[in-house]
Every structure is written in structure tokens, then in C-alpha cells.
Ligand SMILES: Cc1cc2nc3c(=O)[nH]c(=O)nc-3n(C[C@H](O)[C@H](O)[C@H](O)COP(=O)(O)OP(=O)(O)OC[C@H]3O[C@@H](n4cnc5c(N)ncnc54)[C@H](O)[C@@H]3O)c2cc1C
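Encoded as C-alpha cells, the following chain is the form predicted on its own, with no partner shown.
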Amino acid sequence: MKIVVVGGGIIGLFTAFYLKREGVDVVVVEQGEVGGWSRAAAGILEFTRFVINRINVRSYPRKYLSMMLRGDARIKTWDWRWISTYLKVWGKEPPQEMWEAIKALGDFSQRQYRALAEAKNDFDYSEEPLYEVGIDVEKALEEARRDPLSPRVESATCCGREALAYLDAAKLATDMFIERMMRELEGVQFVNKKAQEVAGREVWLEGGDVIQGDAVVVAAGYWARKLGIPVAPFKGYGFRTKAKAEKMFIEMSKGVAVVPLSRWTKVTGRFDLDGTEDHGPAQKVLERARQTLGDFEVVDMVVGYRPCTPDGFPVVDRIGNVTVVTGACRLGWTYGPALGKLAADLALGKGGLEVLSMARFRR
């Protein structure tokens, strides 16, 4: 059996990983560097907390407007289909089965990362607290107590300031993990071309070539909008730096995440609704980070486009003969293993989770 996976980001790689385990002949189509955009992520894993993805709660538009007024966010890409769907789901609470599904995704993904690290921890995996500073800690503690996923949190200190400690977090080096996945996927064919269109069991490539398979999985983030999925690109910037930091933390008032790793410290920021190649705001991330960490040397920068559905929850569904997986937004790395497994199972005809299908946007 041959399956074509369109998209070589973290979820596409996990999809290929599980398909290979089933003995499938896998072809991955990626227009750029494999894992390129996914590398921009901080590498923070939040297995029991979904609050960072709740972009459709009633208070979020006001919060985002405040970010824009401070110069910490901008809108350059307008998708009226996405906006109309957002208005439909704005302020609506997900059903209990959605929370059960999300908890299962987190549990599965944590087990998979642990298993890969136990075999060989060549990607700096570590389970340790994530600290949030620049927030009302008491209010955050109260919100956590109401969280359906029951995250373990406590009041703490970080960077000499009062902080919220989220105790169920983990971290990894995104660059090193993608290198690990490439070793795991030895024997998988990678095609470095742009997919122009997916038609049934065929993927039409730029230049006129066609790849045929017994099934196709689209794990191409924002590109999935071409299949009718309401997904928007929220751009972020990731820097490998030589900054000094002892703890993994997020400076919420400045919108900057800091993750100390063995070879460098990752600094990330921004949540721009922006699918363009204008990367001007990257300097703002460094400005905010240096206000927190002092001056530091930058090794390199990567840009990523987080694919977000209007309700923040991922989509894993079948559209005709095509399986599509996208929409995990800021938690793509957190749920990458589980979403890849679900997509692989759907492509193999094993069924999926109805609550994560497109049907929820049609109701």
C-alpha cells in the first residue's frame, strides 16, 4: 500500500512515522525544508492545558485588540470564510466529548515523547514546570481550577517575580527533534516540490508531475484551506540564541517565550494573523526579549505559520478520498504524535474521532 502525505511539518512527519510502522510505502511531499516552519516553535509542550488555544472565548477579541494597540500583534491576512465561521463559534463552549478527546490526545502524545526519549534522548526532552510571569497569579490560579483538563498549577517565583507554575509541562529542541524524526523515517521517500492540487488519490505537483497513491493525507497546515477547512495562519518567530536563562518561562506582558536548551536558548514571540512573507515584526520579538533577558547573540531565526481553526481545536477528517489533519494552532507540537496517529488510522480506514471532524462547523 502506498500513501502520499502532503506536508512535512511536525504533524506530517508523525503521520508518516505511524504509517511506516504499519508497513506502508510512504511518500512525503514538502515544498520547502522538511520541518522548516515547525522549527519556529518554542518547543513547549502543554499536555493538560488548552487555555492558550481558546481564541473563541468572548474576551479574546478585546485581548487581541489590546495586543495590536501595543504593537505586539497585527492582521495582514483576511479570510472572510474563516471570520464568518469564527463569528458562529464565538463564545460557545465545546461539548464534554471534545474535552475528553483533547485529554486523550495529550495523554497519548506524552507517552510517545517519553518513549522516544527513553530510547534515546537526542532532542533535549525534559518534563519540568513552565512559569508564567507578568500576570495576575491569583486570577490565573482560579481559572486553572475551572479548567476541564485539571492542570496542576501552583504559585511560584521566576526571574525574581511572582509567577504561575504549570507543573505538567515539558520541553524539547524542535530542530533536534526534526533531525530525530528524519532518522526514524529512513526509507521514506521525500519529494521537494510544491503540491498544486490534490484530486482523489492523486497529488499534482508544480511543474506538471503527478504522484498517485492508494490514499492521500494533507497535513500541510494553512494550505488545507484549499480543501474547505476554515484555518488561518497565525505567524510567529523563533530565534536560537545564546541568551542566559535558568527556567522555561513565558513573559505574558511582553508575549515572549524563553526555553533554555543544551545548545542554545530558544526565544519566540508574536501571534500575527498574517500569511505574508513580510517579517518586519521579528525585530519587535527581540526587543521584547532583551527587555527581559538583557542583550544576547542571535544564532538564527525561523518563521512559522500556526494553522488555527476558529475554535482553536484541531481538525482530523476525511474529505472524499483525502484525509486532512490541521488546525492545532499553538499546540501543534503538543498534540503532534496523537494527531499523526489519528491521521494515519483514518488513511488506513480505521476510523477517527467525530468530535474533531468538520461537522462541528456545519451545525
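Just count from 1 along the sequence shown to find any residue number. Since we're looking at a predicted model, the values are computed, not measured.
The next section is about a form of this same protein that is not shown, the form predicted together with the named molecule.
- Interface membership of residue 216, defined by any non-hydrogen atom within 4.5 Å of the named molecule in the predicted complex, is ruled out.
- At a distance threshold of 4.5 angstroms between non-hydrogen atoms, residue 330 is in contact with the named molecule in the predicted complex.
- Contact check for residue 81: no non-hydrogen atom falls within 4.5 Å of the named molecule in the predicted complex.
- Remark: residue 4 does not count among the residues lining the named molecule in the predicted complex, judged by a heavy atom distance of 4.5 Å or less.
- The stretch from 291-299, 30-38, 56-64, 315-323 that comes within 4.5 Å of the named molecule in the predicted complex, counting heavy atoms only, is 30-38.
- Proximity to the named molecule in the predicted complex holds for none of 103, 129 and 245, with the criterion being a heavy atom within 4.5 Å.
- Residues of 189-227 placing a heavy atom within 4.5 Å of the named molecule in the predicted complex, in sequence order: 193, 194, 195, 219, 220, 221, 223.
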